[in-house]
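Each of two forms of one protein chain follows alone as structure tokens, named structure 1 and structure 2.
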Structure 1
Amino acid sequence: MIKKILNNFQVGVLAVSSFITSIVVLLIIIFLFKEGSGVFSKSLLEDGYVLVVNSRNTVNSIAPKDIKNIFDQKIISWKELGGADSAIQLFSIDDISEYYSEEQIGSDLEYMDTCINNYIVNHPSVLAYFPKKNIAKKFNGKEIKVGTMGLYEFVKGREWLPTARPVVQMGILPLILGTLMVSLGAILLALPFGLVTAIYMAEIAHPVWRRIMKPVIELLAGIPSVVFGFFGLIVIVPMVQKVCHIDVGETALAGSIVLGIMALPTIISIAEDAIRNVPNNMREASLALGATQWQTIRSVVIPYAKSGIWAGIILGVGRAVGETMAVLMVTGNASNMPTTFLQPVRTIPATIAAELGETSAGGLHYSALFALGCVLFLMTMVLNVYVQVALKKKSK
């Protein structure tokens, strides 16, 4: 009786354990999306600041992108925002001394609020930007509503300036492209070498060679990414700089090379295991039919081991897309739109790792980085699920 209960208890523990990964994935989704969704509901205006216009101005709200264009002098008339046909007059609290004397503002800035208010009242086409705490008690201006960011702007935005003033720019397109570019380059470099080495080790190499290669590759699969990053920083980056005759070696190409080297052991070990798991009688049957070893490898062994080889490739791709530290150390991290491989780029994981430390929990920037995490998570998830579904169809 006691034995049976104990038995059931043990099996119960096993059963519960088997659900943990699913629970963790679920929790990751919940936390990532909960924190990340904040980016679409929080104001993009710098915390504690307001945008104010004259009370007779007909414009009530301005899109975040337009605000940036106004401060960049790309939009200069209220007409472009649906208001009156008059030039926008920018006013920032830093400029206050140009309009009012020190006496008017007061030695302790005690009349600052009134001065700002007066200025707004006297200038019908003003757009004023100042701290919320400087709103006067008898305030006659009108606060402009700054729209929140939409999903479309987030994904399609071409500028990532999360600490810009007065409004932040959080377009992640350059980051997505940077990530794809670096990973694609890495896989293109690693794939031919990885597969060939796996096949060579499993089928062609003398057992002695294999016994030497296997531990070396296993060992390198375990080398931390930060060590690869360090190696890349000291060797690959200067090399790229020299060979390509560019001023800065920290480029997408350097990232791709380092990531490609990192993906090699993953691809090789897994593909090699898959090939070695092909039953020997398959090979023997093929050889007995008069096929050469090469024909056997190509037409019997590789097709049989296909699913395992795929697993290796996908793990390699996943490692490349999500790789953080090595990329952070060698790609230069410029958040502009990438056009060539000889340019510094910034990937999604590198952005998260570099910026999360500077943010305050719950703020807009914090939320944006979690939203980036969501994007990264979805990218790898889609990759994963697609491959697994494809594998299942094949095996049927």
Structure 2
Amino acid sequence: MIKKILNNFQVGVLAVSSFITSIVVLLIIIFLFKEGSGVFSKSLLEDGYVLVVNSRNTVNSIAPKDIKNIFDQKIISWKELGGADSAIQLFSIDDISEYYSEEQIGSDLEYMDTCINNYIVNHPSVLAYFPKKNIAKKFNGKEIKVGTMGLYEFVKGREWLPTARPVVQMGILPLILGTLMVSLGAILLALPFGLVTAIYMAEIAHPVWRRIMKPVIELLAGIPSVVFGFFGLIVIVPMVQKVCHIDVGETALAGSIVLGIMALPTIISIAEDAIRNVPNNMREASLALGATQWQTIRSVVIPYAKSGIWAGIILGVGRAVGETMAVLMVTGNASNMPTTFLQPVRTIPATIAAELGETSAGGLHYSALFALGCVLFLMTMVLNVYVQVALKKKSK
């Protein structure tokens, strides 16, 4: 009786622990998506600022992209925005001293609001950008509505400028491509070396040598990523710069090499286990038919262990996709559209790590970084689902 009660208690403890763990993970995911969704509901205008035009201006709203083009002097006329045929005159609070004296503004800036209001009233073509707190009580201008970020613009945008003024630019396509490029390069480098090493350990190496190599390779997986980052910064980056004859060695190629080295232990360990689990009668049947050892490995062992090998590859990619510190140190962190492996790139994990400490909780930049976390979560989830399917296929 006591044994049965104790057994039920143990089962209950395990069930409760599993339930609590599942709930915590679910709550973390909900929190991640809740914070990330804020990027699609907040104005892209800098917090606490307004864009204002003369009350007679017929333009009521301007797209965020057009606002950036205006301040970059790519759009210079209101006619291009559906307004009058007149040149756009930009005005910010930093320009106030050029038009009004210190006496007019006030020694304590007490007349600043009135000066800004008068300037807007007297200049029909003005586009003013200033703090919201400086709007006069009897304001005669018209506030411009700035839209929010759409999902399509967020994913397909090509500029990541979360601190740009007056409107931020938050296109994550360069970050997605940078992440995929570095991860793809890492797996292309790690796959042949990892597979060859796994085959050697499982099929050719002496048992004593295998017992030495196996724990050493698995020990590599426990080395902190910052150590790999230092190695890459001191060794890989100068080597890439010298061999490729480029000005800067912090490139996608350097990141791929470092991540490839980091992914090797995972690929080797899982692939070696999969190859060793191939039944011996499969090998013996092949050899009995006259096949050589290499023909047996190529035509029998590897096809039989294919699912397990792919599982190791995908798990290695999963580590490469989510890696932060090593990538942050060797890829250059330039959020430009990557076209070759010899360019500096920026990945999603590196962006989150580099910028999260500089944001204010609840702001647009803060929400955008959480949205990046959601994108990274979806990418790794797809990889994990693929691994589960591969493993299930292997078991069958």
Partner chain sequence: MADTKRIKQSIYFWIFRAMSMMVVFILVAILYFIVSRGIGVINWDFLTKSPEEGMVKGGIFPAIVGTLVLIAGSLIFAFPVGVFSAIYLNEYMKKGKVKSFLQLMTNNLAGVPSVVFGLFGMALFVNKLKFGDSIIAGSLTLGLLVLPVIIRTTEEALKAVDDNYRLASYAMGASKLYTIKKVILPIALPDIITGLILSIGRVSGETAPILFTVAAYFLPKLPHSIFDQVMALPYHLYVLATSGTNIEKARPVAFGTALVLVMIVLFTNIIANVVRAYYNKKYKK
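Here the structure is a predicted model, which means the values were calculated and not measured. Numbering for residues begins at 1 and runs along the sequence of structure 1. Basically, rigid core = biggest C-alpha set you can superpose within 1.5 Å across the two forms.
- Remark: structure 2 matches the stated condition (the form predicted alone).
- For residue 146, a C-alpha deviation below 2 angstroms is recorded between structure 1 and structure 2 after rigid-core alignment.
- Superposition of the core reveals a Cα shift of less than 2 Å for residue 118 between structure 1 and structure 2.
- Annotation for residue 300: C-alpha shift of 2 angstroms or more between structure 1 and structure 2, rigid core superposed.
- Superposed on the rigid core, the forms differ at residue 7: its CA is offset by 2.3 Å between structure 1 and structure 2.
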